[in-house]
Ligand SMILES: NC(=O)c1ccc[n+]([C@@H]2O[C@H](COP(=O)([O-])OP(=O)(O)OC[C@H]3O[C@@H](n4cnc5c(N)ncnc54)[C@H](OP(=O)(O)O)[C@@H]3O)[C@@H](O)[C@H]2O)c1
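Single chain ahead, by itself, as structure tokens, in the form predicted on its own.
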């Protein structure tokens, strides 16, 4: 399958590293003009430089803004008045005793992981529907369906994204705009490596630590390894393409078989 996104403009939030950076790279490889988003100017510049080396000729737009705030979203709108593809990837995660999570932390998780995506969808969906083409995606997680006991606040936000995605898909019905969620399974990123070592013996070599983590904390995985960010990105690129025109309102799994159900 040849996917050509030439002429399309994409925004990937939280895209200076990890899954977001992988999605940006693969969208750029498919020919899209892609905005690289992060809160700090230096981080964004470094990410743009790195991606330019990895994808020669890539059309990248630096988009420095904290999209978890109204002010940040407003600054982003000045740089990108409209987009064709919106990938709501920004998120925070971490483990905590659920009885020790205070109100402020619950609000922070909701504002970063959910409200930022809702805000940007409100901002960009109307122009997509007016043009009769657009793609909105939310990077959810297996934790939306199988909520980990040590990450209830995170799981709650990812479950919320599934509802948000389905609801906005209904709002966009019949317009040529599709709205979907991608359920990402346990994925290898720098942040996840730190998370793993927060749960297993830090003296273990990475490959052994990963196996211990999957065996003890994610035993349902049929892949039996962490997913690579590029594997998530491939699904996002497909959903961004004209070939995915009949796929909307869905929650598509790239979870390595972690969720033990036929449907989410």
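This one's a predicted model, so the numbers in the text were calculated from it and none came from an experiment. Numbering follows the first chain given and starts at 1.
Keep in mind that the form predicted together with the ligand is missing from the display, and what follows is about it.
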Proximity to the ligand in the predicted complex (heavy atom, within 4.5 Å), stretch among 202 to 210, 62 to 70, 25 to 33, 233 to 241: 62 to 70
Looking at the partner-bound form in the predicted complex, is residue 19 within 4.5 Å of the ligand by any heavy atom? yes
Would residue 43 sit within 4.5 Å of the ligand in the predicted complex, counting heavy atoms only? yes
Going by a heavy atom distance of 4.5 Å, is residue 93 a contact of the ligand in the predicted complex? yes
How about residue 146: is it within 4.5 Å of the ligand in the predicted complex, going by heavy atoms? no
Could you tell me which one of 184, 86, 117, 179 places a heavy atom within 4.5 Å of the ligand in the predicted complex? 184
From first to last in sequence, which residues of 140 to 155 have any non-hydrogen atom within 4.5 angstroms of the ligand in the predicted complex? 140, 141, 154
